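Coming up is one lone chain in structure tokens, specifically the form predicted on its own.
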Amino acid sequence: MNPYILAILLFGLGLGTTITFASSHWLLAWMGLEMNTLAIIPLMAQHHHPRAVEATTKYFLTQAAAAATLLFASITNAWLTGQWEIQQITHPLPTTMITLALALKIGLAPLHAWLPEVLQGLDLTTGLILSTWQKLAPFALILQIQPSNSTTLIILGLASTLIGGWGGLNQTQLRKILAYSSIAHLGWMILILQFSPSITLLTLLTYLIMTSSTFLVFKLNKATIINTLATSWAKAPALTALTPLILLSLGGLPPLTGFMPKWLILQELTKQGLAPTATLAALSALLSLYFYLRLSYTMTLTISPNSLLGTTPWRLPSTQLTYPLAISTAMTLCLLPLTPAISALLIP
């Protein structure tokens, strides 16, 4: 793709998210979301592969449906209450509609079916943008409306953690596994949203860091299916040793960063008297952990055929940028000791 066009599209992506962040009016927020969708579509379809075009079409249709529902809900709200302020939304009907529209935007279960399909058709760089940056604008709106319908949110959250765990169990495609991992993490965020929005924000930040490092590892290894990971020791031996730790951090095991949000969420849910919900969420994390362990096992404990061709890649210098990978990996592995400081800053 022409670098000028790429720069314009990335600028549009950033501008769309920023407009949604800065808006207090529903129409402006909707415009930001639309700009976001329209800017990423050429990035998704840039390889002109039938699979990429199919993924782009699916993405466009789901995002257009979500945006239309959001617009309809905000108009309904203006009709019922006479104002367009995001913060002032009080009527239960538009609130529920907007919550569901935004759930479709980010891919929460049971509105998740498009996400694995779309992610599977993209390359890893665009997939990374879709899994991280594209979640920010809808989340900014979800955090602002503070939905009062607590049952809806808990159902969405639990369904997402369970489906995100179950869906990834029988997958061999890494991008689909990452999509289900994304659904499960979003479920955890939505579960705690009404009780502690600051923990939701913290979970979102740790999710962005961990997902970035996972995508960048796969991109460095040019891996799209589980079997390819078995040859990664020949491409980047040190990284192959660290990757299981990144995956276990995604699974939420101590003493890695991924444990922090899960720990705080389970603590808060128990404080709110929702011990059964917390138990179910913790059990669903085991499902996710199973497929992260599968990836770790394939990567470090299986030896692929030692042919001459298979062992040469480490001699060839890689041209890929590893600086973002180094930073995100360090953060994925080492931020747990900062929990007290982060809690003091973020959690009132």
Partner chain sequence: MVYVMFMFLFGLVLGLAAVASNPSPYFAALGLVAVAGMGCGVLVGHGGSFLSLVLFLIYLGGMLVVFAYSAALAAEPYPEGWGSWPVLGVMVAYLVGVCVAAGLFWGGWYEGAWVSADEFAEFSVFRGDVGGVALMYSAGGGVLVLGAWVLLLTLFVVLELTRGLGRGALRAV
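Numbering follows the first chain given and starts at 1. Quick caveat: nothing in here was measured; it's all calculated off a predicted structure.
The same protein also exists as the form predicted together with the partner chain; that form is not shown, yet it is the one meant from here on.
Although the partner is absent from the chain shown here, none of I199, W263 and A275 has a heavy atom within 4.5 Å of the partner chain in the predicted bound form. For A341, no non-hydrogen atom is located within 4.5 Å of the partner chain in the predicted bound form, even though that partner is not displayed. Looking at A285, you'd find every heavy atom of it more than 4.5 angstroms from the partner chain in the predicted bound form. For the chain shown alone, G12 is a contact residue for the partner chain in the predicted bound form, at least one non-hydrogen atom being within 4.5 angstroms.
In the predicted bound form, at least one heavy atom of I8 sits within 4.5 Å of a heavy atom of the partner chain. From the list 318-326, 64-72, 43-51, 295-303, the contact stretch for the partner chain in the predicted bound form under a 4.5 Å heavy atom rule is 43-51. Contact residues in stretch 11-44 (any heavy atom within 4.5 Å of the partner chain, taken in the predicted bound form) are F11, G12, L15, I19, L28, M31, M35, L38, A39, I41, P42.
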